[in-house]
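One chain comes next, on its own, written out as structure tokens in the form predicted alone.
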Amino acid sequence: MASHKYEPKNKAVKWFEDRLPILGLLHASVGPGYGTPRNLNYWWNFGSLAGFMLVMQIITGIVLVMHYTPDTSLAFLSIEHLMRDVNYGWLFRYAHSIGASMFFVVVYIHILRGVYFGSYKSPREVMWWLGLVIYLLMMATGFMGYVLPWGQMSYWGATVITNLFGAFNFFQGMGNGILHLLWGGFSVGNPTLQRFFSLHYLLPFIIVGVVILHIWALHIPRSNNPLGIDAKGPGDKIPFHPYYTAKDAFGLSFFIVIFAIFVFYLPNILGNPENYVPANIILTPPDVEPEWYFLPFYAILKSMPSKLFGVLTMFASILIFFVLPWLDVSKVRSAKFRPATAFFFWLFVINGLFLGFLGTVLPTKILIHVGGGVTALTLGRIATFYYFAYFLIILPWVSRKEKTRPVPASIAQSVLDARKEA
């Protein structure tokens, strides 16, 4: 790839660039000056899609805040006012609520792509950690946002989830102290809502800061690619602009169409009907469950025999991703050349979807009518076992024993070989 150095031709632009080189930074970060592996496929679009959804959530959130009242007696009514009386208020509300789900869809695919192609391996461990920090902040932001409408599921969801922290009674009164800190009192109430509203508004801007660090960490070792080999020679790279900006724009246009279909035609498909009823502290919904993007972890929580063990296991199921670079010891990054790893990876994905399903059913429900019947609780424990076995048993063993396929010498060579075969 030819060297591209930013040199402004306009005198005014050059004067400004000499004093604050923002355009040069952009040129080197996302412009022709940034060399990118030439073989990136559409799975790499989901990073830019995640950035788009973050901006979308911030913009729609700012508009919603202008009409929202963080008070338990007015929160639900303020949402109704926004939906019924504010011009295009329904559009901003639905774009924000559906946007949260789309944000998680994009990030889940982005993470799983990183797992499949080994983007967590050296020298990208810090970039991987920062991505996981973004995900944890998203989870906190999403949970607090779910509480803000102050419907039935909002109130009881906040009650159930915050009570989980009461399990941390390692020292006398420790669990209750954490609960009182979260609630701002002795139960979920007005102080809780105001705290969650404040943090829900603040955390997206913290996410922006971590995203900047994530991109910075990416630009040190540069992007991974489907082959999982380093882009070394000039034939291995192409400028990010215009090649990948055009590719990202095409993927974004396709994504916006899907996003618009949900916003305009299926805005409530992912919502719970109970949340369209004002919160009632004396009437518990028949089944309290979180948003769909938390359901696999909720199923893991419900599968454990005790509350404390369930909470610890649920947190461990997320935190275990931080040590993934050391659990997988194979020198080959991409699962494209690791057939056994790819097989167990797709089993892991199917198992995660199954856990999401189990999160929606009662543990005592019989799902397999064989013999005495197999309950959702039993299946949840089996699925939870495989979830952790994938990280702690299967991946370490397979990465040591697996016979990998031949890895191309370079990206350019693999592209040329593919053309010859075609």
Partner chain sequence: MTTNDLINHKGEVTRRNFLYITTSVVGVAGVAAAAWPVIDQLNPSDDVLALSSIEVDMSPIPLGHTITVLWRGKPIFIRHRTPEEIAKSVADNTAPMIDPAPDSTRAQKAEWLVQIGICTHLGCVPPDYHGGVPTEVEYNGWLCPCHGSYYDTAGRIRFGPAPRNLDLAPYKYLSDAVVKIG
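Predicted, not measured: the structure shown is a model, and the values here were computed from it. Numbering follows the first chain given and starts at 1.
This protein has a second form, the form predicted together with its partner chain, left out of what is shown; the following refers to that one.
Asks: Looking at 36-44, 57-65, 355-363, 383-391, which one sits within 4.5 Å of its partner chain in the model of the complex if you count heavy atoms only?
Replies: The contacting stretch is 355-363.
Asks: Please tell me which of G142, P285, G235, P221 lies within 4.5 Å of its partner chain in the model of the complex, judged by heavy atoms.
Replies: When its partner chain is considered in the model of the complex, the option within 4.5 Å is P285.
Asks: Using a 4.5 Å heavy atom cut-off, which residue among V277, V257, I281, L347 comes into contact with its partner chain in the model of the complex?
Replies: So the residue touching its partner chain in the model of the complex, by this definition, is I281.
Asks: Indicate whether its partner chain has at least one heavy atom within 4.5 Å of a heavy atom of L202 in the model of the complex.
Replies: L202: no, not in contact with its partner chain in the model of the complex.
Asks: Closest heavy atom of G184 to its partner chain in the model of the complex, within 4.5 Å or not?
Replies: Yes.
Asks: Decide whether H81 counts as a contact residue for its partner chain in the model of the complex under a heavy atom distance cut-off of 4.5 Å.
Replies: Heavy-atom contact with its partner chain at 4.5 Å: absent for H81.
Asks: Quick one: does Y146 come within 4.5 Å of its partner chain in the model of the complex, counting heavy atoms only?
Replies: Contact with its partner chain, no.
Asks: Taking only heavy atoms into account, state which residues of 133-164 are within 4.5 Å of its partner chain in the model of the complex, ordered by sequence.
Replies: Result: W156, T159, V160, N163, L164.
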